[in-house]
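The chain that follows stands alone, in the form predicted on its own, written as structure tokens.
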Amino acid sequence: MMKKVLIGLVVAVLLLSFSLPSFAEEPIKIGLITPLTGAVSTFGQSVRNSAVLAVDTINERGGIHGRMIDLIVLDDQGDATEAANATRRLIDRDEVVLIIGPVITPCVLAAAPIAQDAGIPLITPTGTGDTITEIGDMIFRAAYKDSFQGQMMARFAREVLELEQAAIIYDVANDYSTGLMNSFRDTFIELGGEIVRVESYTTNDSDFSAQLTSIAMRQPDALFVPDYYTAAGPIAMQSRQLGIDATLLGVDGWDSPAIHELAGGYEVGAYIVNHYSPDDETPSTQEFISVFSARYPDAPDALAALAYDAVQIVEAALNATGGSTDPQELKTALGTVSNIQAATGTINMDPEGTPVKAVVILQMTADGSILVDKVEP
């Protein structure tokens, strides 16, 4: 009799296990590639902190249809080769269902083709290069395109600041910097402005005196510097030391607390186009700031806001699939989720893989930046 009871219990347990979804308790493995070390480590640390916070928040609410998110974080050092290696490891060894990252455009361009070929969705929180989403239908972003932010800065320069003549200095070896240069230049000219000089340098250069001396001779009203803070800071300092008093114009890559030291304070007064401002009173933005500040001592920057947005986009997509991690279902969801109340405002994804949302114009101050303008899509 006891034997029959035991057999019956075993059968009941087996039947129960088969009646439940096989993935009920399995975590959803998601990779995060971000530069925790290297030249743009402040970017990577902001992204890591915010992504971890967003995932923890989801898990504390019970996860996605009862499944927790397991976030696997790898450091690409801001290096394209390391980004490619990290992508292969996350796909082949860790068997993630989706990748968030990398952070800077050159690293995204190295990682995205690998994810596309493997059929694994990838969403960069901050990569703005126009060609990123052209790599394939598995590639998405939480940021706007470089062409868009270049256009917005040119419009602000011409229509709000009423600047007539601009010079540009950019990194010829960086797709991010080159794309922004082209977009700003073309739009500035279309709006009746004149580009009086375009100078270039190469990644990791530190002496810009020759290029800036050439620019100083043209006496422009504006100097556009489309690059990361590591180059923008020294360029701002050296331009002022050479007597250039043009209005400095920058981009989202300037957004780092390190720029104040690198620029020696000469960045004060400059205008940059960005994804987010803590001065924005949008409820979802203020909620993000409150949640972030409750865990971390430093105020969140735009990189942190975009990382939080990327996780929210992924959460919305996973909920839209009913918790399924099927790559094709995820791909479709990532390109169609809408009305996400995110850290940078309301996000509506388009099938191309880019969010439709507002941009902000900030003015740099000794204490950070202040909101000057917000342009809705």
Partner chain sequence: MVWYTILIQQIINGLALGSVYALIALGYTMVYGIIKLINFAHGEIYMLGAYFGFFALTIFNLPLIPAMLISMLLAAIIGMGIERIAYRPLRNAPRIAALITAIGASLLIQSVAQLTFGASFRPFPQVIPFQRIQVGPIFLTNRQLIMFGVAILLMVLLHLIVHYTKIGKAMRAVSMDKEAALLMGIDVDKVISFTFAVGSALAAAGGILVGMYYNRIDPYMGIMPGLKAFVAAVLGGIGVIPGAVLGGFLMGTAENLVVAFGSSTYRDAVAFAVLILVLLLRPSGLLGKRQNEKV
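Positions refer to the first chain, counted from 1. The structure displayed is predicted, hence computed values, not measured ones.
Only in words, not in the display: the form predicted together with its partner chain, which the text now covers.
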Revision key, fill the gap. Checking Asp186, Asp137, Glu164, Glu199 against its partner chain in the predicted bound form, the residue with a non-hydrogen atom inside 4.5 angstroms turns out to be Glu199
Review point. Considering Gln238, Gln116, Thr131, Ser284, which brings a non-hydrogen atom within 4.5 Å of its partner chain in the predicted bound form?
Key: Gln238
Check your understanding: According to a 4.5 angstroms non-hydrogen atom cut-off, is Asp279 in contact with its partner chain in the predicted bound form?
Key -> no
Check your understanding: Using 4.5 Å between non-hydrogen atoms, is Ala84 touching its partner chain in the predicted bound form?
Key -> no
Point to revise | is_contact(Pro106, its partner chain) in the predicted bound form, heavy atom dist at most 4.5 Å | key: no
Check your understanding: Should Asn348 be counted as a contact of its partner chain in the predicted bound form, where contact means heavy atoms within 4.5 Å?
Key -> no
Check your understanding: Which among 187-195, 118-126, 96-104, 230-238 is in contact with its partner chain in the predicted bound form, heavy atoms within 4.5 angstroms?
Key -> 230-238
Check your understanding: Which residues within 241-271 place at least one heavy atom within 4.5 Å of its partner chain in the predicted bound form?
Key -> Gln241, Leu242, Gly243, Glu261, Leu262, Ala263, Gly264, Tyr266
